[in-house]
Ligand code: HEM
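The chain below stands alone, shown as structure tokens; this is the form predicted on its own.
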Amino acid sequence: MVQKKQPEGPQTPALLQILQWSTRPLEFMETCAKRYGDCFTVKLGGSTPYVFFSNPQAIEKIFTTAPNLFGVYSILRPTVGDNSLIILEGDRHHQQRQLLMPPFHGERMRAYGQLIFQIAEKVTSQWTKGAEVTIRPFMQEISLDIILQAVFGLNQGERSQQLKPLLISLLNLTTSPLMFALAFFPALIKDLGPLSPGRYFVQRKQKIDQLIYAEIHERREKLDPSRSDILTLLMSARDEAGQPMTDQELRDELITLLLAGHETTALGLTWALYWIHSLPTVKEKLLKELDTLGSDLDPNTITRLPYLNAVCSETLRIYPILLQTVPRVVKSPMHFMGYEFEPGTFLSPCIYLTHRRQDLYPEPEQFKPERFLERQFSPYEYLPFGGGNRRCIGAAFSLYEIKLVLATILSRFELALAESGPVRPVRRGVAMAPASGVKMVFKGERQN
């Protein structure tokens, strides 16, 4: 069979495609998929082919190919740094992943259960009966406080109070459509003078770095191995040669965990509360399941609730927080799906389009948690956290946090949507967020 060089795709100028991808990504992808099928090429990096896939067989091929045959590309490099797990390749990526994995799984992860409950209760205690609240900022406050305490071990001290507004401002800047589009042109996000778009970004990043390095230096001088926060665990870890992580490596991994883990989990919570309160039958079934817990919420019991798990899974299916996986960069010629991919080609499984396949998810526009009770999906059909050796290491922790925070809020409070009609998804950096932030009315404590 004759191999085609690469899949077809739109022939419009690269700059126009970057603008469409930056401002209206769902419409852009859906239009391409309708016209070119489940494998198409777009121009998001000048002349470099950038290929999207929503075919599970193609995704399986990409996820199971030996990692050393791919490089990696990420527009997050200016923010997270060269030592971030997102950026690393080969042996360094494998070694760093081994160091970072333990705190996000098993008993170490479950040790944060009570902390998650406490923070969720503290933040939601700000709500007053009858008031209209915009959910997203509150979910961001919850997830940021959890990250600062679980990852950094920072409680409400001076450094924590300085870091929080700086991180929020950096996040708001990097998730704006303008900065997302500029990320495809790295030279433009440097400090090129008072009017350059990169000045504010660079200044904010420098202030955050000063605080992070100050914390690292202070903790190195007074290292307390008995502490359970992730920074302490990382500082105590050693690689195969017995070497600890450098200050720069710690900084890059910490900023990655802060920005990536905080934003994605907050948006997952926001979308979940929107869907639960949009559909009375879903809310009724979920509350009935949560009521079986009684007044003493146990983290281990909560995480095993089947309908809660189905609701979370469907939330991450219908509007996945990330639209695509980390793009793989072809290092040597590859042949599959009838195509020939030359070195330098970007291959990116598209989470959004895969989750909207009619053959996998009948009525894909409908929110139906039951589909996750009726069958199991392969990691090439359902991939909210990516896959292969690049699957998000914080996936289990994120789901754990989402389930515990939802259980806390839904068991205690009565909420109702304050807006009629569907909420529109909009780009927020690499993620998709509800345009309104989801406005709800807090009706008071729940009466069981």
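The first residue of the shown sequence is 1; numbering continues from there. Small disclaimer: the values here were computed from a predicted structure and weren't measured.
Here the subject shifts to the form predicted together with the named molecule, a form of this protein not shown in this document.
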Check all three, 85, 265 and 325, heavy atom within 4.5 Å of the named molecule in the model of the complex:
yes
Location of the named molecule contact in the model of the complex, chosen stretch of 377 to 385, 35 to 43, 52 to 60, 419 to 427 [non-hydrogen atom, 4.5 Å]:
377 to 385
Contact with the named molecule in the model of the complex, heavy atom within 4.5 Å, among 321, 212, 286, 353 goes to 321
Only one of 29, 402, 415, 409 gets a heavy atom within 4.5 Å of the named molecule in the model of the complex. Which one?
402
Residue-level question: is residue 79 within 4.5 Å of the named molecule in the model of the complex, judged on heavy atoms?
no
Find out whether any non-hydrogen atom of residue 112 is located within 4.5 angstroms of the named molecule in the model of the complex, and reply yes or no.
no
In the model of the complex, is there a heavy atom of the named molecule that lies within 4.5 Å of any heavy atom of residue 257, even though the partner is absent here?
yes
Is residue 138 close enough to the named molecule in the model of the complex to count, meaning some heavy atom within 4.5 Å?
no
Enumerate the residues of 390 to 417 that have a non-hydrogen atom within 4.5 Å of the named molecule in the model of the complex, in sequence order, or give none.
390, 391, 392, 393, 394, 397, 398, 402
